[in-house]
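Before any questions on how it binds or moves, here is one chain, the form predicted alone, in structure tokens.
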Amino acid sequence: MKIKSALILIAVGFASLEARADRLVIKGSDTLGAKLVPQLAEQFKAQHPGTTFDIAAEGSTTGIAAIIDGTAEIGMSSRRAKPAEVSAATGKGKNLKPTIVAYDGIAVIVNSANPIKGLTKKQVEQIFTGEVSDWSAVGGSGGKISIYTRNTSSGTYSDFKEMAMKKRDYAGSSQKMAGNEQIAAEVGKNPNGVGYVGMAYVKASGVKAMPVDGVTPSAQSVQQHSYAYWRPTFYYTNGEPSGLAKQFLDFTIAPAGQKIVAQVGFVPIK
């Protein structure tokens, strides 16, 4: 009986090791992690039965931090790592390696009832910095502008600040949201609302994407770089990925994964 019990314990031990080996922890960007990566994971699991995913989409900063502290195999990010993050990684013996997995456009959205037909880059900057606070100042029918932004751990928050606002601060009245879906929901409920979301979220109920300087965010305008607020999005790993992380990264950038990228509303890398 003792021998049999020992064999059972050994078998259980191997099973638990195998379970851990087939579990992939991914943390970071809400832009990638709320829709795209879960759909990629579902398709990957269909081809690799027994694989489990632990996906936490709480902002790009958290994804890069997770690679630095070793709590995730893949860090999703909609921005490049900052010099301070690269230094912190080096200090812990880690090498932050980015791989571009998709391109995206940050769409400026307003409520569907807003009569505005488009904005200029200058007007976008004025709105989000609070320099302009009423829709009448940018050709609207009047009403105090309600600004919805991502929170400070978001890569989209910092990317938009850099691309659209010349690194100026957001208006003090702006309201910070946890994710793209929350911004779209608030703008969809508020006739005076304005916000920004990744292109995968522009079809939310009650919102419309604004042409900026006459160019609408689309796969074509992002590919051609004619839309002002386009950017790459990344998986970060600690050096060259291996094992399950490498398999999933390779799947993401392969034709089958890039087909899902396009279906969700992002722009494929090839």
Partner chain sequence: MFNFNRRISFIVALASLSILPMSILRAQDAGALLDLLVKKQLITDQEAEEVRAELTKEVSTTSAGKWKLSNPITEIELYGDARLRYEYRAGRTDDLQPLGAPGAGVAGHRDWQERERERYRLRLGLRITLADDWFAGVRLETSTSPRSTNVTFGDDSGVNGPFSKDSDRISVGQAYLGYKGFHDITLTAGRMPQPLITTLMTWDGDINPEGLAEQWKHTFNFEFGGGTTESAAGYSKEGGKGGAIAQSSSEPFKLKIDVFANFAQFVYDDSNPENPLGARSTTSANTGNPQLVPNTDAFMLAWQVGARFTFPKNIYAQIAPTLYNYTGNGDTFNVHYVGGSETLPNGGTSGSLATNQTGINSLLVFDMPWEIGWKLGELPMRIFGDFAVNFEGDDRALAAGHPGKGDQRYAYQIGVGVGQLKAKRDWQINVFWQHTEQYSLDPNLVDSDLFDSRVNMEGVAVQAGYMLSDAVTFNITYGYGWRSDSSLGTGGTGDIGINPLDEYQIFQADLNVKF
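Numbering follows the first chain given and starts at 1. Given the structure is predicted, the values throughout are model-derived calculations rather than measurements.
Below, we refer to the form predicted together with its partner chain, which is not included among the displayed structures.
Proximity of 90, 98 and 225 to its partner chain in the predicted complex is complete: all three residues have a non-hydrogen atom within 4.5 angstroms.
Shown alone here, residue 234 lies within 4.5 Å of its partner chain in the predicted complex, counting heavy atoms only. In the predicted complex, its partner chain sits beyond 4.5 Å of every heavy atom of residue 176. Its partner chain is not shown here, and in the predicted complex it never comes within 4.5 Å of any heavy atom of residue 144.
Using a 4.5 angstroms limit between non-hydrogen atoms, residue 122 is distant from its partner chain in the predicted complex. Only one of 109-117, 144-152, 162-170, 189-197 places residue heavy atoms within 4.5 angstroms of its partner chain in the predicted complex, namely 162-170.
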